[in-house]
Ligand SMILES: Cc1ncc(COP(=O)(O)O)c(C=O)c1O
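As structure tokens, one chain now follows by itself in the form predicted on its own.
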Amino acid sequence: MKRHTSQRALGTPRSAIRELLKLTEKPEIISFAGGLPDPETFPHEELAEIAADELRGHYRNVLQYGLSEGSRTLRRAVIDWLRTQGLDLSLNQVLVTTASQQGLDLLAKAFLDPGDVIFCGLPTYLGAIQSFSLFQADKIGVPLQEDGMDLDVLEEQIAEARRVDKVLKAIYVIPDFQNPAGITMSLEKRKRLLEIARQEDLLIFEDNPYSQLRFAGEAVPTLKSMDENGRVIMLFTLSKVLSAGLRLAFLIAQEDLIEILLRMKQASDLCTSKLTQHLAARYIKDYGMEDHLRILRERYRAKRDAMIAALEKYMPTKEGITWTRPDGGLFLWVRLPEGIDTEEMFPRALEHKVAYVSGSAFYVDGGGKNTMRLSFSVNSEDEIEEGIKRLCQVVREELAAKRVGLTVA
């Protein structure tokens, strides 16, 4: 049936991470691969009570079709919540999506034609790469520094793309605890990025799944809260802070952009589940989010600390081996010496019953072969130490096999 398949479908591979997770489902494997929230943080008892009440008392409403824009009840609840974080939004500036992956899909559908340029980090979120690739955008990678995207390089790349008559559309960033690198963009760079977008007439796609999960350092304003020109479209999800299974997220932008995105959504799914929207809205209104978020932050801080301590204890001492120390989120990023390919190393890791995601999956230029992403979110602290111990043994063996420096701890 290949003749009947579109070129777009033929050119779209399966998700590297989703396929990888199939290999790591065996209970004996300690997996740092998936960015799954800790299920023990899901407020299941509260949601069960809300669900029973909604289904028994309001079934005519919550089991029916809903507005494509999303439930007014949920949008109002989120608007009230985000007002405390510097965002003063109207109902028509918020579009509910079926998780943030649909949001990325809608952004690509609405704003990217084949060959259009979108700038993104090196590395950047794999799900965004998939969406932009599906719509045949030209993805230009911008190296990351400790405080975010290298904006000097970005300006050089913009000038070069304009020189060859490319159509430039947007910059995609995850400014807080970036997936996969775990770094946070500084306030100074956020201001400069907004100015670059204004000068170059570009949109900014601000992916914001983790900013609520800061457990160290000072909070930095979102790009959207600093946006004076209506160029920022923010994706905000409940997957990491309430429940991934609810499949709820939001696109936040000025009204004319939301209107375009709404048309794209209507062609995709008509509406997001009204039931899950009302569960989330009731939870936010009845219980609030701050106490729940406080629990998440404490839990994830302890897990991050356990992973860093284990890396410091077990990782071989070799120049070129580094890892990030995120102030929040779910991930840290490990860099190994040049000459080590973490994709080639992966089968050895499975033999040792430990898993990660090879860093090359997050690069749009074929780089990152000597890097890997580790998630500290879902495993217990004891499992984290044992898993890192196994992983460090794999690295030690790989260094010896490739003869890339043999000084080990």
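Each residue number is its position in the shown sequence, starting from 1. As the structure is a prediction and not an experimental result, all values here were calculated from the model.
Omitted here: the form predicted in complex with the named molecule. The next part is about that form.
When contacts are judged by a 4.5 Å heavy atom cut-off, Ser239 counts as touching the named molecule in the model of the complex.
At the 4.5 Å threshold, heavy atoms of Thr73 stay clear of the named molecule in the model of the complex, well away from it. In the model of the complex, the named molecule sits within 4.5 Å of a heavy atom belonging to Ala99. Shown alone here, Asn179 lies within 4.5 Å of the named molecule in the model of the complex, counting heavy atoms only. With the partner removed from view, the residue among Phe205, Phe132, Tyr125, Tyr300 that has a non-hydrogen atom within 4.5 Å of the named molecule in the model of the complex turns out to be Tyr125.
The partner is absent here, but in the model of the complex a heavy atom of Ile174, alone among Leu336, Ile183, Leu95, Ile174, sits within 4.5 Å of the named molecule.
The stretch from 307-315, 138-146, 268-276, 205-213 that comes within 4.5 Å of the named molecule in the model of the complex, counting heavy atoms only, is 205-213.
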